[in-house]
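As a starting point, one isolated chain is supplied in structure tokens, in the form predicted on its own.
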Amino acid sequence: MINLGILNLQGDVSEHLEATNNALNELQIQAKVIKVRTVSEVSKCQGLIISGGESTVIGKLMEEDGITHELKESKIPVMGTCAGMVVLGKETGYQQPVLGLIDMKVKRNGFGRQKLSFEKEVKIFDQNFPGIFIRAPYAYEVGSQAQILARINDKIVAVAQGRHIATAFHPELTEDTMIHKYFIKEVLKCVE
């Protein structure tokens, strides 16, 4: 059976758990969704979701426990939302641990502080998606291997590269499971 991990360090862990389970039900796929905190738990997963929170703290905790090394070595698909997008990038303009799994430069808190959080429809996969942006980052530069999936004005808010996907917004806070389903399908491609 496939294990999909939700990194249980900070952020909307329970919401990602529920959204992933809902997406699996809609796709009629059997898989186990588990909260993970340690490198040994991550090593049992075929895919991992990194949710929001404070990207510097998440990156340091991942590095301290060896999760960063495990993800780079195992090459499992990773989905990052909000702070997870920052962690997936190569550069942030700050001294902080990042995975560098997606060739992008990310501006932390790119849309401003908490009080400037907002909701705005995002066009992704040729469909409208209810974007919820909370102290959201954005990518301002991507490499040739990365695919821009969505923008708001000139700001890149969703990127995919290989089996990885990052969003500046919080798909787990909506009823729409489209992005979680996309990620699950990427995981399945790697285990078939």
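Computed from a predicted model, the values in this text were never measured in an experiment. We number the residues from 1 along the sequence you see.
Form predicted in complex with glutamine: not shown, discussed below.
The stretch in contact with glutamine in the predicted complex, judged by heavy atoms within 4.5 Å, is 81-89, chosen from 97-105, 81-89, 67-75, 118-126. Proximity to glutamine in the predicted complex, defined as a heavy atom within 4.5 Å, singles out one entry of Val36, Val142, Leu149, Ile134, which is Ile134. Against glutamine in the predicted complex, the set Gly52, Asn109 and His170 is in full contact: each member has a heavy atom within 4.5 Å.
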